[in-house]
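This document opens with one chain alone, in structure tokens, the form predicted on its own.
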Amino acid sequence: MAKHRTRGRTAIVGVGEVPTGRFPDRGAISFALDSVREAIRDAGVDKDTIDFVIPTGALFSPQFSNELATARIVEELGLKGVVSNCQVFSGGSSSTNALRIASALIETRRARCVLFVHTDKLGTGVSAQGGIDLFSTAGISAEWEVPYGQHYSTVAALATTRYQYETGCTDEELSAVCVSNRKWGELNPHAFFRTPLTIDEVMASKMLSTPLRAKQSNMLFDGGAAFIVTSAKEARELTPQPAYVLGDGGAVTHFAYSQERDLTRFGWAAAAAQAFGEAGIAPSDIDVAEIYDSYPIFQLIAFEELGLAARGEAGGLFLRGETWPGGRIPTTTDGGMLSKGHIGAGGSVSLLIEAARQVMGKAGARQVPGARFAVETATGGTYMDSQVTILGNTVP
């Protein structure tokens, strides 16, 4: 039984996003402002009805991140009705936590219309060495792990090695995750990688951190996105098809990766049980799965722990094309971090926005016909938490 019962009381009514890429001549603030303006247009709201702004952290610049925390968005857009600007940051799970907080504010009538915004410039705002340094320290224990060379690629390699040992998952199946995501990326005008990709190409790419290969890793880019949340009642007055927040769940399991007790499960099963219990649906009811995919192994693990496949069988589904466009369970339909690109905390923002698009019927060439329910996952740091959100275009 879920601890909370908030099913269908709030909804996402507008989303906005800029293409992922490298834009050395543009400031990060422009990505935020363009995304927010698009979200406002999409929602059909007067900008001055926004009374709570939640920016998340920008990794490329502490100074710029502080500007977001101290209301630069409010000033730049001339928002007149804002009572609070409060930064929410938990790395890759920032979007899920911001949506949870926004829903709580609306349900308790502390806010009426909440804007969430993300922007980062990891593609051109930091040097190549700066990006390496960032992901060798952020969320990694300075005392017990940094001195020994821990890095996000080694984290993924450790999880991959253990999972393959326990399940028999093949290198071809891991590579199939990248191919599946690229199939969706080809359909997404906001994705950086849009050319076809084969399993042979993935497996022929250079070794990054055994057994992880270069094309099984994400790349860092610039980007931004925003979404607007309000009550279900107001949502129905604004748009013919809101994305109702049906359920969420979470589990925080560690800070230092070396303290995670199970490198092939994490807290996904517990988080999923909470989310599905609150939503009142089962994994078999899911039409679209937007699964966090910084590396293919984490997409496979979450997919199975959510109950979308039996243990050790997810790789086969990806290999057979069941997650591709037209497949039985469309997965990570914006291309994910492996094809759309890694934009800091925005990796999960993109997936949450894509989940909303799918149930609102606004996903364009990627639209899954008849999509009613979408599940989205997010995680921060060295996979320190497991966050699950379920959106729907109807309330069960």
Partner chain sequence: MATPDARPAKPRPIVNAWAQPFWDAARAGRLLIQRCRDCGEPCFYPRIACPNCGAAALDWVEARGRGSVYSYTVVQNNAPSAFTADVPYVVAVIRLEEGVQMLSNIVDCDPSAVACDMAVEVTFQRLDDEFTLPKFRPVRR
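As the structure is a prediction and not an experimental result, all values here were calculated from the model. Numbering follows the first chain given and starts at 1.
One more form of this protein, predicted together with the partner chain, exists but is not displayed; see below.
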property: The partner chain: the contacting residue among Thr124, Gln87, Gln259, Thr167 in the predicted bound form [heavy atom, 4.5 Å]; result: Gln259
property: One residue of Arg194, Arg236, Arg112, Arg162 in contact with the partner chain, assessed in the predicted bound form (non-hydrogen atom, 4.5 angstroms); result: Arg162
property: Non-hydrogen atom within 4.5 angstroms of the partner chain in the predicted bound form for each of Asp133, Gly149 and Met207; result: yes
property: Stretch in contact in the predicted bound form with the partner chain, which is absent here, among 300-308, 249-257, 103-111, 283-291 (heavy atoms within 4.5 Å); result: 249-257
property: In the predicted bound form, Leu158 touching the partner chain (heavy atom, 4.5 Å); result: yes
property: 4.5 Å heavy atom contact, Glu145 to the partner chain in the predicted bound form; result: yes
property: 4.5 angstroms heavy atom contact with the partner chain in the predicted bound form for Ser231; result: no
property: Contact of Gln129 with the partner chain in the predicted bound form (heavy atom, 4.5 Å); result: yes
